[in-house]
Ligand SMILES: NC(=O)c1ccc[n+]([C@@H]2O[C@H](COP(=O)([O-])OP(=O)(O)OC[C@H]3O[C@@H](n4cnc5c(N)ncnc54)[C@H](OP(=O)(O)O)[C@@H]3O)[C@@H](O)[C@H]2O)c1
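Heads up, the chain below is alone and in the form predicted alone; it's given as structure tokens.
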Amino acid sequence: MNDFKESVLQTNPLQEEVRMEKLPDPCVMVIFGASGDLTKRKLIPAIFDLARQGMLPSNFAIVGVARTPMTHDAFREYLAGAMKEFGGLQDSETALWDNFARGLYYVAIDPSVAEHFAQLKKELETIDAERGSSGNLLFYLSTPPSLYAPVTKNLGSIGLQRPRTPENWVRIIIEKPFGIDLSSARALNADVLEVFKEHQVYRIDHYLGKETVQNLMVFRFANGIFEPIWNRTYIDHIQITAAETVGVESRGGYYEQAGAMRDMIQNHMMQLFALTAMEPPVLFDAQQVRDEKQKVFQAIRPIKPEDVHKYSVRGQYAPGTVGGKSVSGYKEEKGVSKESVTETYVGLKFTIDNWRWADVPFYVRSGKRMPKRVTEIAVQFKKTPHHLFRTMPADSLDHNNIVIRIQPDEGISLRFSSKIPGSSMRMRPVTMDFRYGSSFGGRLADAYTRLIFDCMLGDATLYARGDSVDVAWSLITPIHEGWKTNKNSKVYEYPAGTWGPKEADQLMKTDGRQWRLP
């Protein structure tokens, strides 16, 4: 039995579920950018979590690739320190880590230089023979986006994109951002697909690996009480919020080029949008789910550049107070221009032109330096058509809503009106809560753990397909163009620690609605 699995099954109370999990094929995972933050903070802890659960394939290995000179042993020591800092490595896990670390290797090359890839190929052949990984390869591009195309091309130049035999597989995971606008995304897609086939390419969005995001599909499509009311007949509007308390911190240089729209809306928020609005797939498999998401993107009414001031609001945080501490404004952050017009907040109104969602607005917002860290989908239902309780003011009867909380405190809540005990007819809203932590116990697996595991299995359900990336950019790029050319579109300041500029409130007040306070 796999040593990883054997050590976990001795202590894991969910061992029957673990035994039932399909294990991936033996493989070698090659991480480009292995000396970077993402590898030590997210990737290695996520993969080691699979080892903890006994879900790694036997004869598994990881090869780190970066420019920094390092030996195999130095790489193992470096990652052991990272695991203690970011992965919660316990003293009791020494044996498990030592076994895991024997499968860690390092190759120091410049990933932008094609000639260096012959050395990588030779190392991979040696490691494959040593570990018995059967020739299956998983490449992970944890590099700056500027290296995505060169690394892909260099892998193709040495033939590493081709499976050794028809029974083998080769896959590649590409981190966001996948392009910075429609033309660059198409160019990158063309470069990648010149080397790899679409079924080999996994464009990762870690939001899709979160338990509550996956549960959204179960909630909608496995429960007969919700799907019949998930439409324009019963739903007034939907709000999707991703709020962060942090500022740009040390990422000012990156954020000046990205902004909230590229950093959050184009990828994370649009994926949540699609999952909320999609039709039921015929089957729960990658092709069917991604086909339905694509239909949503195609049905979203584009916002024309000349109309951006009607359907979008930009904001930028000014000095303020967050969590009782004074914080500086965006323009005072390191790497940020004093004349910057980069948005740290975006509020948008979208509509979908199809039978299910006609006339139901979707309000999407994301911002930094908000009062609270929260990502949620709030579904607001229409009021009852007849005001039965006439002795009570109409405004005392709240809208019913369902809130799907993505982070933190993952769960789902249902809000409805209830009578207050007593002789008089008085009402107030009450909330029924489901929370993952209290219902299932234990901590939730990191999103990267699920997504990496799915890629090893060849399951692309939770990954973005090339055509959906293309159409998402086709919706976002005209908004960017309008921000540049439309004189009515401005960047409004908001004090750090608030819910964005007041103009964002007006975006909803115009429709007789208001933003939810999470």
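If you're wondering where the values come from, they're calculated on a predicted model, not measured in any experiment. Residues carry their position along the shown sequence, with the first being 1.
Omitted here: the form predicted in complex with the ligand. The next part is about that form.
Annotated contact segment (heavy atom within 4.5 Å of the ligand in the predicted complex): 32-40, selected among 32-40, 48-56, 477-485, 463-471. Contact with the ligand in the predicted complex, defined as a heavy atom within 4.5 Å, holds for exactly one of Ile158, Val170, Ala445, Leu147, namely Leu147.
Shown without its partner, this chain lists Arg131, Arg102, Lys176, Arg164 as candidates; in the predicted complex, only Lys176 has a non-hydrogen atom within 4.5 angstroms of the ligand. In the predicted complex, Asp409 stays away from the ligand, with no heavy atom inside 4.5 Å.
Although the partner is absent here, Glu279 lies well away from the ligand in the predicted complex, with no heavy atom inside 4.5 Å. For the chain shown alone, Ala61 is not a contact residue for the ligand in the predicted complex, no non-hydrogen atom being within 4.5 angstroms. Contact check for Arg67: a heavy atom falls within 4.5 Å of the ligand in the predicted complex.
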